[in-house]
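As structure tokens, one chain now follows by itself in the form predicted on its own.
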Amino acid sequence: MAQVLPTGLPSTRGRRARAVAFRVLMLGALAFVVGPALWLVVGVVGRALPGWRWNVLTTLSQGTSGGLANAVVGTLVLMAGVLILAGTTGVLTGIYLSEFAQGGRGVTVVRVAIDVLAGFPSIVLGYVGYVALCVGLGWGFSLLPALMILSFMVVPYIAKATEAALHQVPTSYREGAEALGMPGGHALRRVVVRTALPGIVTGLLIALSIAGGETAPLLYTAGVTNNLPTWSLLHHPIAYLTYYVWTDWNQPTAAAHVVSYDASLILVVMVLAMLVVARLIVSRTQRHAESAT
């Protein structure tokens, strides 16, 4: 038993021991999460850099060789489309559930639908998109079916992240805005949403990372092509980086493996670039918000 002082408080030595133990557990949990991510990044960079050539960013693919310009542009187009479709839908859904929903059967249905959609395997959604959109509606392998399926996949993450971030905004912020006579919509935009912006951006980053790293649903909806994306939403396949990561790694030639490593490295750089840009935007927005208050 820990030594107890006359005042009834644990000894300083016992408190220090528990503090050290808790710190060790925290560092262990951090290493458990960060360690595999660093191992993955180092492995990708270490394998891709020896065979890296800059013209891979400007040369079109030639099957298991050539460049990845079509896949890079196609991935950026897919991520931009998901940001518009899923980002708008998810953020508005999260705002509704946090700020306007008053309970009832309709809200319950929305929450259940979000939970069910979040639990669907991506390949199942891809197959549904292929049967319903590509074949059923006759759209073929194209951009719009791919955007719709990817958006269905990531909307739950954005909605939940937005709702959780808004719930963390202190009630006093809303009461202060109301006391100052701010209209409800203005207070929501200028005070509540801006305060919750870091959490919302985190949800968007997770969604974009998932969309950029998916393969199975895109095989069923986007198809693949060696050409750059067109402005057409239908009847034109679109290339994406994960196809070359998955396909070329299974090829027997060294040239195909180099393409797979290059595609993996580009994906890692894209995700890191999104993280840096998002943090800069959040930091700048929060700084302006503090100066305004």
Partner chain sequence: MRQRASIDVIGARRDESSSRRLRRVWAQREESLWRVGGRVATLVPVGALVFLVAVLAVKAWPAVKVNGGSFLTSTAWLPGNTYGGVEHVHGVTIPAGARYGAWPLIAGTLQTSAIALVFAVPVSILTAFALTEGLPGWIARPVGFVVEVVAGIPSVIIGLWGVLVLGPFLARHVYPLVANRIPDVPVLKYLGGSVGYGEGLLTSGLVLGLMIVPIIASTTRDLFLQVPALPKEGARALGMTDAEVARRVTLPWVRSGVIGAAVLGLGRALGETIAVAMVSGSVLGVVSPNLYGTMTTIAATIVSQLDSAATDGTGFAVATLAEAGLLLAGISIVVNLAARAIVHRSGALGAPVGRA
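Since the model is a prediction, treat every value here as computed from it, not as a measurement. Residue numbers count along the first chain shown, from 1.
Not on display, but discussed next: the form predicted together with the partner chain.
- Judged against the partner chain in the model of the complex with a 4.5 angstroms heavy atom cut-off, the residues I84, L228 and I281 are out of contact without exception.
- Distance criterion of 4.5 Å from any heavy atom to the partner chain in the model of the complex singles out L30 from the list A255, L30, L233, V45.
- Not displayed here, the partner chain is approached by A164 to within 4.5 Å at the level of heavy atoms in the model of the complex.
- Taking the partner from the other structure, the partner chain in the model of the complex has a heavy atom within 4.5 Å of a heavy atom of M26.
- Contact check for W39: a non-hydrogen atom falls within 4.5 Å of the partner chain in the model of the complex.
- Although the partner is absent from this view, V34 contacts the partner chain in the model of the complex, with a non-hydrogen atom inside 4.5 angstroms.
- For the stretch 230 to 247, the set of residues having any non-hydrogen atom within 4.5 angstroms of the partner chain in the model of the complex comprises T242, V245, W246, in sequence order.
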